[in-house]
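Shown below, as structure tokens, is a lone chain in the form predicted alone; questions about how it binds or moves come after it.
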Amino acid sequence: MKEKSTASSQKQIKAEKTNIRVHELAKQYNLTSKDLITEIETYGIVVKTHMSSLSPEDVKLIEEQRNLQSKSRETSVPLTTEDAEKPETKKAPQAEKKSKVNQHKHTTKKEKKKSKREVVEEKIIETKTIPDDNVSRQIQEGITVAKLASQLGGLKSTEVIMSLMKIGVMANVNESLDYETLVALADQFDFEPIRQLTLEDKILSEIEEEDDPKDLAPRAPVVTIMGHVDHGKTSLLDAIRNTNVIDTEAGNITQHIGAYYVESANGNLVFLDTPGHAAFTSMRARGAQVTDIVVLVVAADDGVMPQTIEAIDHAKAAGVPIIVAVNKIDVTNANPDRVKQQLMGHELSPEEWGGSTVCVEISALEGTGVEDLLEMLLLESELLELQGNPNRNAKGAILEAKLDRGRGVAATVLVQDGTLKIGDSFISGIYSGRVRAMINDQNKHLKAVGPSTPVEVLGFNGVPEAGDRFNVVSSEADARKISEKRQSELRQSQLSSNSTVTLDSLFDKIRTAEIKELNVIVKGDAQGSVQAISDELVKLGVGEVEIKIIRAAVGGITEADVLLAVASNAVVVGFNVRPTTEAMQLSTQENIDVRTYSIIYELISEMRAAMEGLLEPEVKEVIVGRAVVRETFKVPRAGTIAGSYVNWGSVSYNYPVRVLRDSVLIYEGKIESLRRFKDDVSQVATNYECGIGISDFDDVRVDDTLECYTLESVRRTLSP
């Protein structure tokens, strides 16, 4: 009956005269947008996202297919009681019960026997797979010389010590060997070195363990609001939270990172309000990918501005979906269509124009369209299938940190997974601590918080940086040890140069397979120049490495450009523009390669030279001379010497040589000795006689031809 009522209710859903969006139809069917998209694809209807429109014909086809499936389920009725209880199949209740008991006993015995047999078979398999002496042994880092010699088939310790001396390591029998030393010995003694896990390695491996799918639960999406200054980012957040944050900010401009947990009728969301794209990028530069969705706020009366473009670049570099909020539609000169047209120039095509970018027209001051924006965010979150495991130690990222005179260090932590509790010991960046208190954005003290929850944490022993990872560990002592180790490593790294990409170091990084793509930020004085330079640089890409332009914009080189270079491991080139003082200081601090030019061909030429340096040179063989053997001599301890006459070019000592007999290659080796009369010489020219000794070859004969050659590396160039 329930299925019939459901079928009848489905029949009541009628195709409208206008198109309907996927998520609206999903609501009518009590389905998620993702489930409906999966279902209608089986009907041959292809849609892009939950915002895609369905025509009346599509809706009619969906209804027909769902009705057919409903009727099919209704007709699949099981056998009636009368059919099931025919005389020939009926059993007495007691007999049936007894039969079931016997069957259960028989099955249980059979399963027990089978499990024993399986155990025996597994033991046999394990015995067969025990490695023999020919298989490489595994040696743990930290082993002493004496124990290593013992494990290598009973070698003498002196043999191992001699081998260590050959690689420049002086050690006695009780000396412990590190991983790098074992790697150097591995090939000689045929074993596999195993690195000894540090305390930090062990703890981090436990932290990164995959969760059991049964423990995962849906979590709220983390949304970052970005856009140009004064386009209404914080006003939008005020409208969402029904608060007035903007009046508390100096100059009505956001000065810090705000993190807010918002509860709505359809679901919960976490919003991050950043003071600019620098904070967003600096977090990514430190490995903290905290954002699930970016809301790009664009004023309908102002359009796409420089910081709007920067926000798009940062969001794309982070690889997160973008939802556009076209704000201020209530003002007199608002033109949302112009904004959407400008966005298309930056690869953000509105869905209503056939693209895949969700655009919502809003007025943050009047509250118009805010509910629609929240609905789109929840729908996007539904498609992302965001999940977290509340039944594990918490881990997350630092959004903001400060030193409070009365409370000590206070840091805003976004808990991304697990549950954070009062008393938990943690490690964050180079600092550690113990949770003394947790306060949410409504100034309430909490005892525990789960995934996707921002909270202010007290209990740090130092001020962490935005973007530092936050991980709960089992003991405060372990956290302190890791903190001390990281601080020591930081001091050492500050004494050495950074490992960022420069054009000078690019070849080494390509050769060691660290990068396969060179990211470039292009800044110039005019749009035409910027576009021309970008096009030419992309053409320089070769098979070994490609050039990717991650930003091409008009204007000077700013701090934001350098921060993006840090996050994306890029180089910055400028044409007729210079870096700001802040950008110069930051590029020096972060070792970012910033180069400026006033002539386009010089910029392209230098980049071309750098790219050509990446190409493996072409190896070319060059014949340098030939000699014919006229007589052979047997010389004690030197073997057979070929008395030869150089009839073309010259022959040189230590050069490669081929022995040709009747123009057929007999042997390839090296000229081991070269003499004229009794004197050793380095080279013999044409029309001169000499004695030639060939390495490891005594079967040289009269009339053999000795061909002397060399291999030359020819520098490859890019095609014009």
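In this text, residue numbers run from 1 along the sequence as written. Values in this document were obtained by computation on a predicted structure and should not be read as measured data.
The same protein also exists as the form predicted together with guanosine-5'-diphosphate (GDP); that form is not shown, yet it is the one meant from here on.
Contact here is defined as any heavy atom lying within 4.5 Å of guanosine-5'-diphosphate (GDP) in the model of the complex, and by that definition each of 228, 328 and 331 is a contact residue.
Heavy atoms of residue 388 never reach within 4.5 Å of guanosine-5'-diphosphate (GDP) in the model of the complex, leaving it off the interface.
Among heavy atoms of residue 381, none comes within 4.5 Å of guanosine-5'-diphosphate (GDP) in the model of the complex. Contact annotation for residue 632: none of its heavy atoms lies within 4.5 Å of guanosine-5'-diphosphate (GDP) in the model of the complex. Contact annotation for residue 219: none of its heavy atoms lies within 4.5 Å of guanosine-5'-diphosphate (GDP) in the model of the complex.
Looking at 469 to 477, 180 to 188, 589 to 597, 232 to 240, the stretch with residues near guanosine-5'-diphosphate (GDP) in the model of the complex, meaning non-hydrogen atoms within 4.5 angstroms, turns out to be 232 to 240.
When guanosine-5'-diphosphate (GDP) is considered in the model of the complex, only one residue from 455, 364, 420, 358 comes within 4.5 Å through any heavy atom, namely 364. Contacts to guanosine-5'-diphosphate (GDP) in the model of the complex (heavy atom within 4.5 Å) from stretch 436 to 458: none.
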